[in-house]
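Read the single chain below, which is given as structure tokens and is the form predicted on its own.
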């Protein structure tokens, strides 16, 4: 079991998502950076899609039993009882230890996986927290000080000997951004399905200009600032289903990238859609970061497992 000493802001339980219910208006939710979640679970010998803590700001936890843990995602300071610990590697925490995690940059997402997984009820097949719907995870809310997080039974005889398992470099580079800089991140997109709603100049501007992640960025979507993406159709779009990574363009011409908690239908035209492999790169961008969109053909899309 873990006791929450300092919950930070927006610390929730997330797994790989709540699939199969979008036709009923239920978002998938799940981890913002799914590859990082899966690596964290693999480090501690859980199923890759098991629930972990998704962390967005400094937190402190206390262990009530010995645990094998792994931290992945955005670059952060990670310590147990004041001693610095490596990210992207399984580490052992004794009972009564204090775990402190503090992202180096304001924003970004981290995943703390614990061997045995988090013992939370499944709602529609998932432990993921959907805050707007107030279900999943810890009673449908972000964690608060004093919360007790129940951990599943261990299947490892010697937790100390199991520590020290590291992730490969590619996994680390997929989502982690080192330091405090505001980099430009290249994001691959496929045009459409509503690219014909936009003037040719808007399509050109989508790739020519950098777009800045604004302060209006959360688990539902990231609003961007940059060149105005002007429509060439005056009418409004009939609401339709919207996928993860859809780049919607409201009437003000400033795009919104839909993220894990996105609505299931929308009425803004979608100029392009971020490919699955690059969703984590968008998710780990924080306000002030720059995104540069690169259009690729559908048959260029890399295979994602």
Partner chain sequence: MIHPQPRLLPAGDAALLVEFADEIDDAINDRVHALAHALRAQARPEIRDLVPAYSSLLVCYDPRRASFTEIRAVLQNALESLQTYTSPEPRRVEIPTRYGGEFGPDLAFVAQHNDITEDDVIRLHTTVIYRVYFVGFAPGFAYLGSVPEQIAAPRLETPRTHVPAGSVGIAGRQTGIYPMESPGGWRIIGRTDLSLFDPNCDPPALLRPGDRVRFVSIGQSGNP
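Fair warning: this is a prediction, and the values are worked out from it, not measured in the lab. Numbering follows the first chain given and starts at 1.
The same protein also has a form predicted in complex with its partner chain, omitted here; what follows describes it.
With its partner chain left out of view, the stretch that reaches within 4.5 Å of it through heavy atoms in the predicted complex is, among 99 to 107, 184 to 192, 208 to 216, 82 to 90, 184 to 192.
Screening 123, 142, 228, 203 for any heavy atom within 4.5 Å of its partner chain in the predicted complex leaves a single hit, 123. Proximity of residue 273 to its partner chain in the predicted complex: non-hydrogen atoms within 4.5 Å are present.
Residue contact with its partner chain in the predicted complex: residue 66 places no heavy atom within 4.5 Å of it. Mapping the unseen interface onto this chain, residue 38 counts among the residues with a heavy atom inside 4.5 Å of its partner chain in the predicted complex. The shortest heavy atom separation between residue 119 and its partner chain in the predicted complex exceeds 4.5 Å. For the stretch 218 to 252, the set of residues having any non-hydrogen atom within 4.5 angstroms of its partner chain in the predicted complex comprises 233, 235, 238, 239, 240, 241, 242, 243, in sequence order.
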